[in-house]
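What follows is a single chain, given as structure tokens, in the form predicted on its own.
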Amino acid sequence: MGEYYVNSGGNDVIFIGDCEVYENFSPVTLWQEYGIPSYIRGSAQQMIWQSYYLLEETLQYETPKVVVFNVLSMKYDTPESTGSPTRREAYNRMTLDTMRWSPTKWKAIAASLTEEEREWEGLLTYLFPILRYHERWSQLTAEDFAYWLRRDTVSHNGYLMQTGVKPMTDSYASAPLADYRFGENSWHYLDKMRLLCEEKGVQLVLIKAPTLYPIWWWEWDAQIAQYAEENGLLYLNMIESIEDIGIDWNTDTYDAGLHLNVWGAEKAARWLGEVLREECNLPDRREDAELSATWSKKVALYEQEKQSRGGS
């Protein structure tokens, strides 16, 4: 999350959302194929209220032409609905702790706290993490100090590269839900996202990434499709286009179909880039000498990591 601040500015497309964006789309491929500069502001189990405030923060640094939001998090309506207390806090901190300080971060923290965290003054521990971790002093090792002042870059404009291959061998099944309606809070933040984009002159595109689990129920899909139609938004359920994208579940996933590996992410980016270029009228920026020089370095680092990890 923190790597965005040294890459902000000059991005025509910003992705917002959970692991279904930062593991499934390659910004380098978008640049190489279409000259589209992009960045992924994704984090694990990013909730829609967090996505909204990340968008609000991003628009303080730059104004992209398009924001792409992955809609899977609509299924979570409140902080309490996202798992056990330990799991909720862990995922909250992955999103919130490395955001730069601003009123927007304050609002993001306040929206993310569960009632339980409020009871033990969780807000203060997000403001001052030392209050949460002060008892770790006796557990510190050399590894803790290695990352104290410097952290290696781990992503490629927000994309986390995976080169493993683990085929999908079984289809996923899940018990039917008692209620398929998205919650009021989820709709509230989707509305806020749409209105903010309208205010800033940014085109909001809704997507469902082309992975098979967690299951994307057709009842959920119908609600998003109706919302998009009523509000003049482009909605792309990429699950329906898996054959056109060319995803091969024997070779393009590293975890049996939950996420794509680098080959799958490149295919997804090629397909999505073509749609964004045509539907959103995005220009090819490869003739921009300054941008091309910057992206030439990004491409080199991307290819170097891909080769070093056994990719081709």
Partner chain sequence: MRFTSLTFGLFAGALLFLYYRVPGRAQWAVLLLGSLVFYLSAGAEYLPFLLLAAATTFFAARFMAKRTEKAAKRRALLLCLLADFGLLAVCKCAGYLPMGISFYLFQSAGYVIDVYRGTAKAEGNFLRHALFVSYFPQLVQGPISRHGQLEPQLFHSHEYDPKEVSFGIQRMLWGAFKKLVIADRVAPAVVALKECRGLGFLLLTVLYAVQIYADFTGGIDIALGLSRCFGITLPENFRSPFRAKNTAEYWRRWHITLGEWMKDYIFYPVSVSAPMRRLSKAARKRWPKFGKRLPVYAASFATWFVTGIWHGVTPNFLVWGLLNCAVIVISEELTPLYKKFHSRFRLKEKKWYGGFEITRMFLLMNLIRACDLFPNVGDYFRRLGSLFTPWTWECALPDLGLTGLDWAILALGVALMLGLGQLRDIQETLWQRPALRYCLLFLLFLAVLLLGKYGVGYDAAAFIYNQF
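Numbering follows the first chain given and starts at 1. These figures come from a predicted structure and were not determined experimentally.
Quick note: we don't show the form predicted together with its partner chain, though the next part is all about it.
You can rule out all but one of 225-233, 67-75, 133-141, 201-209: in the predicted complex, only 133-141 has residues with a heavy atom within 4.5 Å of its partner chain. For a residue to qualify, one of its non-hydrogen atoms must sit within 4.5 Å of its partner chain in the predicted complex; none of Met1, Glu3 and Glu57 qualifies. With the partner omitted from this view, the residue of Leu124, Ala90, Leu196, Ala110 that lies near its partner chain in the predicted complex is Leu124 [heavy atom within 4.5 Å].
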